[in-house]
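Below sits a lone chain in structure tokens, taken as the form predicted alone.
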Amino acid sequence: MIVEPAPRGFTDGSHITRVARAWARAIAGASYVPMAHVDIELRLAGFTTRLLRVLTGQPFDPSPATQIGVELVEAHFASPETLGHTISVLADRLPPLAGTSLDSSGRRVMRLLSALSVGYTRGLRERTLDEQESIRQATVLAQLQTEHALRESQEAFRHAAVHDQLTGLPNRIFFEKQLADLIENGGAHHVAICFIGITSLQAITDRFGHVLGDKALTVTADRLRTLARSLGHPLARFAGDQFVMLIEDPAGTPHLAGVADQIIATLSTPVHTDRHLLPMSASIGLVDRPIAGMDANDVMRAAGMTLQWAKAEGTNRWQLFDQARSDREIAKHALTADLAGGIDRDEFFLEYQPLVRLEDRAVIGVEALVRWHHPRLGRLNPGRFIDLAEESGQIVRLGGRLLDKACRQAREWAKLTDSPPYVSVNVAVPQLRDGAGLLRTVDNLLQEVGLAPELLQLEITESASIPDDPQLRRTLDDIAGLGVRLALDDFGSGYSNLGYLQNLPVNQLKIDMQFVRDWKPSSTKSLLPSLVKLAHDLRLSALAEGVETLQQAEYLESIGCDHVQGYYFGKPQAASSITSLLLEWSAEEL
């Protein structure tokens, strides 16, 4: 900064500097001045020089002091306190600096400082106005920027809320809104849902990790997006490895089949990524419904169910929704849900079918057959619920309940006669796998009920894969060790290795009823004689199931079959009916 020279004939620069220093000290802290202290002193020295020139000028004109007051404010010496300290310092320092006394030049100094004050006040007012305008403009700009940022943020949020981050496709929320709008607006007569499951993705993720899994999914999404655009159908990523395509007014089943075939063909190409060639496969469920009366949740449930049907058929398959099949599966699921409660409410009961010795037609045992008295569906045979009980894991609990009922009933019959029938109870594979539990249950029941072990027979199916499972084999050995009878049920219906039979601790082969049904008096080919002989060769009794006629019974007797079971000798019946028979036979013996 350049310091103006002192007015000629009045003083030298050192005096100006001292005045400037005093002035700087007086106003220090009164206002924020964005410059170094030395620069402040230089700036004030310049003002001092100019004021001296005005003070000593001829003729005297104080008006330049007004401009100096304005410049003081412009240089950020801007506060009422600064003006007060400035007037005080200058009133004291300027007269001696000008080579005169305040008394002799008092009027000039007062006019000079008055002009300075006027300029300073004007500067402050203009500065305030400028600052207010700046603040207003800054406020408006900040508001605009905030609104713009908010709009961008809201737009980004709305986009993220309805789009999948990985693939960039619309997500489930977007799709469901789109479907709901279509149903509400009625812009189409029919709508078809093409529910796509990428069946190979889980295996890829399991083997190579999520990074490659995501890569495969992204490539798959890109392929589907390209295909969907070419077909003009909206596409969304519904969840995980599932995508969904919306088809308005499809031209019948052939059209949908064509779309499904195109999708499968598009996705069947392996994905090249890094060093891997990833095989891809998909399954598709197709649902075509009229818009009128459509429920979005129901149509998506149907699409999901149909996708599961397609997956069950194998990879790269599609299935069309079948209402009858859906009704059956819904009923099946409802029945499964009722199982646990049915066991708790003791809705399952047993009927007993006689097992007859052919030699004298005597009832030597009964097979306990479970029924379900369903509160809504009525009486249900085991074909309706046994598989469901196994799939749902309820079979062990249900089997335990039935075994308890059968043992207690057998004990009641043992009290009525000296030759009571044994009770044969079917045991499911899950019960056998619960080896220690089943053994403990049987042992405890025999002791608790007081039933002789030989009056209880457990039936196991040929499909139990006993030879391949050492644990199952040990369980059978332990149960046989209690004295309980064992029978191999439905023999001949499976494909088991016959070699294991000679080592199984069973007492009886129950020949599957299909062999009896297939036999005709005119038959020249029948496996029945061979099966009976096989049982005898293994020192086992042979029991033929499904005997419904006298001719069948006589034939079985002629080939040496020991026992039979079937409607000809007695249908499954209530325990009370068996009790009546036993009482009747006991009376005849007397």
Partner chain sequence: MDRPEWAPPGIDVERPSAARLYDYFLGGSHNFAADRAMAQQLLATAPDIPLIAQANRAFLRRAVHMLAESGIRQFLDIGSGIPTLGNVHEVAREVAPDARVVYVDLDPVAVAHSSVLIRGQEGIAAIQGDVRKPGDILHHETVRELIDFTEPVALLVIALLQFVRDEDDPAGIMAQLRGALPSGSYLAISHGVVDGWRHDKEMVKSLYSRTTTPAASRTRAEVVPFFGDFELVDPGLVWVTQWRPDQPSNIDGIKAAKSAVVAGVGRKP
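Numbering follows the first chain given and starts at 1. Keep in mind that what you see is a predicted model, and the values were worked out from it rather than measured.
The following text describes the form predicted together with the partner chain, which does not appear among the structures shown.
- In the predicted bound form, at least one heavy atom of L150 sits within 4.5 Å of the partner chain.
- The partner chain in the predicted bound form comes within 4.5 Å of no heavy atom belonging to R18.
- Heavy atoms of A24 reach within 4.5 Å of the partner chain in the predicted bound form, making it an interface residue.
- Taking non-hydrogen atoms only, A30 approaches the partner chain to within 4.5 angstroms in the predicted bound form.
- Comment: 126 to 134 is the region of 470 to 478, 172 to 180, 126 to 134, 373 to 381 lying near the partner chain in the predicted bound form, near meaning a non-hydrogen atom within 4.5 Å.
- In terms of contact with the partner chain in the predicted bound form, the residue from Q502, Q143, N185, N297 that brings a heavy atom within 4.5 Å is Q143.
- Checked against the partner chain in the predicted bound form, the residues A251, A292, A138, A337 give one hit for a heavy atom within 4.5 Å, which is A138.
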